[in-house]
Every structure is written in structure tokens, then in C-alpha cells.
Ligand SMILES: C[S@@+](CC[C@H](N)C(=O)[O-])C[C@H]1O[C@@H](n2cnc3c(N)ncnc32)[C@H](O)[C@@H]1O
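The form predicted on its own is given below as one chain in C-alpha cells.
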């Protein structure tokens, strides 16, 4: 039996209850990891920038300050932005690649730059009034699955106001601007903050409910009608609550944006070679979780159903199969090839028609992503990647070992530097998961790549 903690210098990635409140509760993101893990990973990778002041290199040194040049950290699966949130306390600039625009909104809204502009947030919020919300109630709206016609109408109008309002131009950390052309920046942090407030308002007033699968939002049979006065009142209450959440999250106030979430694909990082100092991230696991569907209401506020479908199709690890004719690649390693052979020979229903092509598509996409991560890392730079094992029927999917073998085959030194037994695993949602093998043990591995 493997030890549950091989290298105690890296903290557990499991989030505590405290990390499910405040800014972490703005959206119920299933796949987040702990702030303690990110802090330990920053220390492990020795990212305490020599160019940063003592206030920057120590999370305890909070307060207003100018942000000096810093290392550039990348999270190619940015999610809700925990990597960036913690890195900002160390004065470290981060780029967050994320294919889901809703999660970019929530990530960007958690900024020390915004907390330093509380008075502007309050002024901008006061400009939104009931008079500006007059609009006709639509006869049909895809949001109707989640909310009443009156609330659909109000949310649509409020989103248009928030989206089109003029916002102050922020200043960015130089390390970010070196990598990103300013004209290509897709979102303003003030706009992101108010969009996040709108999304929270919509969920509160519609009364969404979660099911046994935490990534799906249940549609409602009874949808409360909401007047525009009540909606604006709730929106402003949410804005005030979010400002207080920023205060309690111990984000240092800065005069520059330290974190930029980019709407982009991990398989195409659009960055120069040898440009990134380190990577801390966690990709989707091989569990066919439909992450886009957890943000379905918000995506339908921002876009049409066709765009929602496109995001689902392009999210790595989703249950949607786009290509059944991908060739198996020996670069994926012996453990992966043995797994695919076991699935191919399995006699269960849909083993070869669905599960096998889904896995092959996943490993193809992860190989493309790892190639990109390796390409953009500087020489001798390192990446810490958190993954979890799972099972196909009775066959263990040793995802950590597969990432190690794939990394080695791609020309970088790869090893598991921490392993923990996981009690609460997504597989337990399926009550029949123990049918093929009882007493399954799931592991969370921290894979270290060194270029």
C-alpha cells in the first residue's frame, strides 16, 4: 500500500469547508482545489520572486502597494481562479487559460485591484436603476427552463446594461502585457465583477436547485415572478456582499492587475516558447464530467444554446464525442495503452462504442495540452499538475501514472511527488460503481514535470 503522503511539503488539494464560502461560493464550482495546496506549490516551486518586496513574497504582508515585476505563473485550466487568487498574495502575476467564459467572469471578479476601487464599484452600481430595465417580456426564451418570463426579461436587460456600460481602464502587471497584446484582452475586471453579481442574483431569485450530480442544474416546475424593483434591490445587495467577501479573502490591494483570465483552449496556448516560469493546475479527469452544464444558466444569459453546445464539445473530458477515428498513440505510455486494451476487450455494453472512443479522445487532448505546457515553460521550469484516479468497471485508471509516462515520452522529467487517498470522489454519485469491484480506492496525485 502506498503511503497517503509521500512528500508533506505539498499540502492536500482537498478544499476545507472554509473554502466553500465567501468568494469561493460565488459559483458552486465542483472541481476547485485548496488555497493551502496552491500556497505550498508556490513555495515548492520557489516562486518567491527576488524582485518582489517582502510584502509581496509573504501572504501576511497585505495592504496598498505597487506591484513590482514578478514571475509569470500559468494555469491552463483556470476554472474559478484559485491559483490566481493565492498567487496574488505573493505578488505573482498569473495567466489563466479557460474555455468556459462564465468561469473567467468569476475568476476575474476576484481581484485585489477591484478591492482597491471599492468606491468606484459602489458608484457604478448606483447607475443601474429600475428605469433602465423597461423591456417587453419574450414569448420564448431558453432561460425559461430556469426562471419565469418576467425574471428572464429583467435579467436579459440587466445583462445588456452591465455589458455595455463604460468602465475604468485597468493597469496590468508588465509580465502579463509582455505575453498578451492589450487589444486582445477580452474582459474588463469591473465588468466581470458586475456580471458575476448578475449571475448570483439570477440564481438567488430563480431558486435553482442542485441534484445528486453537482455539475447539473435542475430545471424548476414553479418559477417565481420577480418585479424589476425587487431584482435591482437584490442585485445591489449581492454587490455589497461581494465587496465584503473580497475584504475577507485577504487579497492584497494592488494598483495593477496581477491576474488575467484568457478565454482560450489549453490545446493552443497562443504564447511564445519558453515564456512561462511555472505552471500550477488541475486538468479535467477521466470521469466524463460535463463542466459546461454546471454553468448552463449563465451561458444562456451570455450566449445562445448553440454556443453552449460548442463549449461543451470543446471542453476536455466532457461526455461528448466529436471524433471516433482518433488513432491510439504510443506516446501515451504503457499504462494508458493497457487500459485502452482492457476497455476494448471488455464485454460490457457500450465499452467499445462509447467509453473507448471517449477515452481515446481524452488522451489525445491531454497529449496536445501537455505538449503546449512543455513548449511554453522556460528551460528548467516546472509544472505541478493535480489529477485523480478513477475506474472503468473493475479496471483502475491510474491517471497520475499515465501523466508521468506521457510527460517522460514527451521529453521532460516526470514524477509523482505527492499521493493522497480520496474519500469523496465523483464516482460515488453512481450508486452502481462498486458492482464490478468492491472496496475501490481512489488516489489524488500531484505530478511534477521539469523541462
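Residue numbers count along the first chain shown, from 1. None of these values were measured; they are calculated from a predicted model.
Absent from the display: the form predicted together with this ligand. The rest refers to it.
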- Would you mind picking out the stretch of 276-284, 119-127, 246-254, 161-169 that comes within 4.5 angstroms of this ligand in the predicted complex, counting non-hydrogen atoms? 276-284
- Taking 4.5 angstroms as the cut-off for heavy atoms, does residue 314 touch this ligand in the predicted complex? yes
- Query: Using 4.5 Å between non-hydrogen atoms, is residue 261 touching this ligand in the predicted complex?
  - Reply: no
- Message: Considering non-hydrogen atoms and a 4.5 Å limit, does this ligand approach residue 291 in the predicted complex?
- Response: yes
- Is residue 372 a contact residue for this ligand in the predicted complex, using a 4.5 Å heavy atom cut-off? no
- With this ligand left out of view, which of 133, 192, 300, 99 would have a heavy atom within 4.5 Å of it in the predicted complex? 99
- May I ask you to choose, among 203, 267, 364, 236, the residue with a heavy atom within 4.5 Å of this ligand in the predicted complex? 267
- Can you name the residues of 76-98 that have a non-hydrogen atom within 4.5 angstroms of this ligand in the predicted complex? 76, 77, 78, 79, 80, 81, 82, 97, 98
